[in-house]
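The chain that follows stands alone, in the form predicted on its own, written as structure tokens.
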Amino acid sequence: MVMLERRVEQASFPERLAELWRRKWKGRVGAAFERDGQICRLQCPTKELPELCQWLTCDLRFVLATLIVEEERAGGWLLQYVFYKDSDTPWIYAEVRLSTLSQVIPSLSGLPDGPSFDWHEREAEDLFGLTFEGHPRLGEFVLHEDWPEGVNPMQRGFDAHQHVELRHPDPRWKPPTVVEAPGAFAMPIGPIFSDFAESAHFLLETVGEDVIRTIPRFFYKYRGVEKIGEGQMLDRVLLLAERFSGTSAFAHGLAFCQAVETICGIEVPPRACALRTVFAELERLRHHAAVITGICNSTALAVATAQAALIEEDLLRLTCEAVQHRYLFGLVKPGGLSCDLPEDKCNLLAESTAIIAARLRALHQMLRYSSSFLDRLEEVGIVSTEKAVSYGLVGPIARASGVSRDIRKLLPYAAYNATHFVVPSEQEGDGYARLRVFFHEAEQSAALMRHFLLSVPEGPICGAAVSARADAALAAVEAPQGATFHWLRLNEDGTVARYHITPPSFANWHGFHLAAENFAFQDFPIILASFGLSNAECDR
């Protein structure tokens, strides 16, 4: 036994995983490795699913990436729970099949890391009509009460071109509440906001000045991006990928293109990889400047807000001057990029981002010594490390709570494996920790841009033309808000059979209530700004 344990420890992770599977699951769960050991598929009976997922998340410390649901052509359902860890570890696909007669599957929301499964199950219940047995709350999630009962828009039988008769709302309908105590009341915020904020509703419950429970509600503008993409050619679906979240257009377009490249076996040229990294960091830098602007504005710090807003606007103008679009639309394509960046534009970006990074450092220094500003952020909106892990939070929000996961490091893409950088993280998990992470990441983005801009490889900016084939692939990208996952299945004729997106805001909005609860009402807009999330990205 000791010799076996030693052999398992000394083996590569795929070998260790195979050995651990044989010892614990052989005869109960089937396993197969694909793509030279990069993917491990576990064929799991329904009854074994909760124990298997707990083994993966709690014992082996895998992280849930997404839940992919497919209605199979021959009938029945295929559910794929996808987990990841790092570049030395295969992706894990825990696959469960349901017959046409059974649409019931056990809920995983009660596991130790169950909250990370919660919204995925609610989404699948609404869009596909599946039932997750044991889930504490299903229904009226993506599809609000005006959708007819029994209509599930992601099922094969649903015609996206057919008009759906809206259901008249029940006049007796009341928002769900949790707090039951003398004097308890609920304060609604949204769904309509001033300025450019997208629709979202937050129900704040209290019996005094502190928020006891926060119930968020999104999907007021559910657009059915995944359904619209079915049957479309790749170039049309790329437009959808770029446009459902304009402030992260390049990241989502890049993730879609990487899925296409994996399916079609396309190799991206080194120059395109380097420039993709530059544009991804330019988008991150601009996004973080916008979040810093929002945080300063939420605390009524007018001068700092104006300074941060000027930085954001300068970055937008710089982006437009370099590539003819302020938000990088139309730049990425399968195989590389749609246009090159000449030497003079490379030098312009390198010089300008160095100046902007210095301006951000100066702003950060001023904010660090503003006691009235810090009083609104320090020890406010705290998310603990344990909660960040169990809810599967991603990006700067998770890193501010001590969870330093970053797809650029864990699963390098583009040219991120060609340079060394340290992922900024903090431990406190409060609003000030999140602000510091945004500042540090923005400065790091500027440094990464300069590194690649001053040493861009020569050569083409696009690889071979797309030669589509019937297959599926998952791509991961570290978008400005965090890890995003785009899963794509193609038909033989190159059209999209199924497209599934898991954006970072979907994960982080689920954990937002952790920060908003047990703090005063007047802290809510500041906590909201410190998350820097996108409602539109969630409402895909």
Partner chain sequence: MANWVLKGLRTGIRTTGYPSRPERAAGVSPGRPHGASLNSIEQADTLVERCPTRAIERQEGGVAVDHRRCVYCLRCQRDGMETVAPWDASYEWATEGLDEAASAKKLQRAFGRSLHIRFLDAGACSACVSEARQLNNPYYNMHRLGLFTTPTPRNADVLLVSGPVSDAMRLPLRKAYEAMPAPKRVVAIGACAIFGGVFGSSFAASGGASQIIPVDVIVPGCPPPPLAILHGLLLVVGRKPPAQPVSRPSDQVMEPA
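Between two forms, the rigid core is defined as the largest C-alpha subset superposing within 1.5 Å. Numbering follows the first chain given and starts at 1. Nothing here was measured: the structure is a model prediction, and the numbers come from that model.
This next part talks about the form predicted in complex with its partner chain, which is not shown.
Interface residue among 100, 338, 467, 155, judged by heavy atoms within 4.5 Å of its partner chain in the model of the complex: 338. Among the residues 352, 262, 199, 131, the one placing a heavy atom within 4.5 Å of its partner chain in the model of the complex is 199.
Looking at 116 to 124, 146 to 154, 83 to 91, 375 to 383, the stretch with residues near its partner chain in the model of the complex, meaning non-hydrogen atoms within 4.5 angstroms, turns out to be 146 to 154. Interface residue remark: residue 313 is counted as part of the site for its partner chain in the model of the complex, having a heavy atom within 4.5 Å.
Residue 169 belongs to the set of residues with a heavy atom inside 4.5 Å of its partner chain in the model of the complex. Among residues of the shown chain, residue 363 is one whose heavy atoms approach its partner chain to within 4.5 Å in the model of the complex. At a distance threshold of 4.5 angstroms between non-hydrogen atoms, residue 418 is out of contact with its partner chain in the model of the complex. For the partner-free chain shown, 169, 191, 192 of 167 to 192 come within 4.5 angstroms of its partner chain in the model of the complex, judged by any non-hydrogen atom.
When the rigid core is held fixed, the Cα atom of residue 194 travels 2 angstroms or more between the shown form and the other one.
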